[in-house]
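Next comes just one chain, in structure tokens: the form predicted alone.
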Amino acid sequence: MSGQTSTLISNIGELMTQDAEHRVLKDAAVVIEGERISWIGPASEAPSADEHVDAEGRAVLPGWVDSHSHLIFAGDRTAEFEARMAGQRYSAGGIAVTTGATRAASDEELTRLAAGRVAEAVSQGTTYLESKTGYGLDLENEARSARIAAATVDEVTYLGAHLVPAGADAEEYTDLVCGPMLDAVRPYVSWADVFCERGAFTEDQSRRVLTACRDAGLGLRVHGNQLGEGPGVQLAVEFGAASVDHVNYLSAADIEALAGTWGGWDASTGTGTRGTVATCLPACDLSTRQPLAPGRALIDAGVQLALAANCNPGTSYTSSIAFCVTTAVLQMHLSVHEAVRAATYGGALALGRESGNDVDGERAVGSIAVGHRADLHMLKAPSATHLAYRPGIPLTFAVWRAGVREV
């Protein structure tokens, strides 16, 4: 790191590292050198640096890691939202409305819209973002979405298996998702997902998609158990998926299966064999009026949890991870520390970017440790507790992303 510009951030009231030791340091300091963190410790022992930022007693957290979003789209679904608030039940079919608007948009418009959503997220403390395809739903538009996403966000997930387009044969479309469409998106994506749910893809179709994408070398995730109990969680466990997302309706067997994937993981050190993360999407749960995912029961069972915004035009048109953290504390019965951890380290875990013995420290996000990427979120508050204590108040004061101050 020598020879790079360094920045000392001192007089930090509370530094929540979210590293393997789960440290919460008082009167702390951090030194950034280039893109990395080079020193952490008591403010009284901080080394000198090229630049100095006085935190004036504010709290500093890792930047939010949003491991589930759908940012490549055009149009909105305000009418659908109003109907749902009036009592209409949510179904996956509304995705088709966004597909039409997305196909009609130019590359330039989709890029501009996606970049604006990323900037909005960063302004609220998000420093690492995943986005899915899934609003193209034909070969040309899925490949285009993947290409635009790869130039816009940090991690791209292939979600050709979002919905069977209107008028298409489900089996023929699944063949397309598993064959030519997969080949077309492969240069731009590192993950694959499938919406295993009534009204979307059946268990057999989902199994075909997961098998093809695994054989193509992609990491796997599953949209599962959002609208009712179903096979999504069990499929995710069977295929060793990095995460299963939504998880609103879980049986005791589902929770046990997820917990069993973490048997080789040492939570105290963050080392060992990663299991399947349960990603909760509380903003989506509120918008669709589904029961909130059972985060408390999952944590108590030993399942690693992530919180994500699920920004999309139909069911969760927000990029605010702070809102998700607040909801998790006030309504899902997580502690502040658990909720912040799920929205930082948990998201990194779901994306394979956490610290641990099988991840290079320079690739690690979601925690504050020497050698990790310098993604920091400073609050207009002395502690992270204010995120839930003062719900709805914008508390982001400053954001560093890969060592660069962006807010």
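We number the residues from 1 along the sequence you see. Keep in mind that what you see is a predicted model, and the values were worked out from it rather than measured.
The form predicted together with a small molecule exists for this protein as well; it is not shown, and the discussion that follows is about that form.
For the candidate set 314, 270, 219, 294, a heavy atom within 4.5 Å of the small molecule in the predicted complex is found for exactly one residue, namely 314. A heavy atom within 4.5 Å of the small molecule in the predicted complex is found for one listed residue only; from 126, 206, 243, 226, this is 226. Contact annotation for residue 144: none of its heavy atoms lies within 4.5 Å of the small molecule in the predicted complex. Contact check for residue 341: every heavy atom lies farther than 4.5 Å from the small molecule in the predicted complex. The closest heavy atom approach of residue 68 to the small molecule in the predicted complex falls within 4.5 Å. None of the heavy atoms of residue 182 is located within 4.5 Å of the small molecule in the predicted complex. When contacts are defined as a non-hydrogen atom within 4.5 Å, none of 323, 384 and 389 contacts the small molecule in the predicted complex. Of the candidate stretches 68-76, 247-255, 182-190, 210-218, only 68-76 has residues with heavy atoms within 4.5 Å of the small molecule in the predicted complex.
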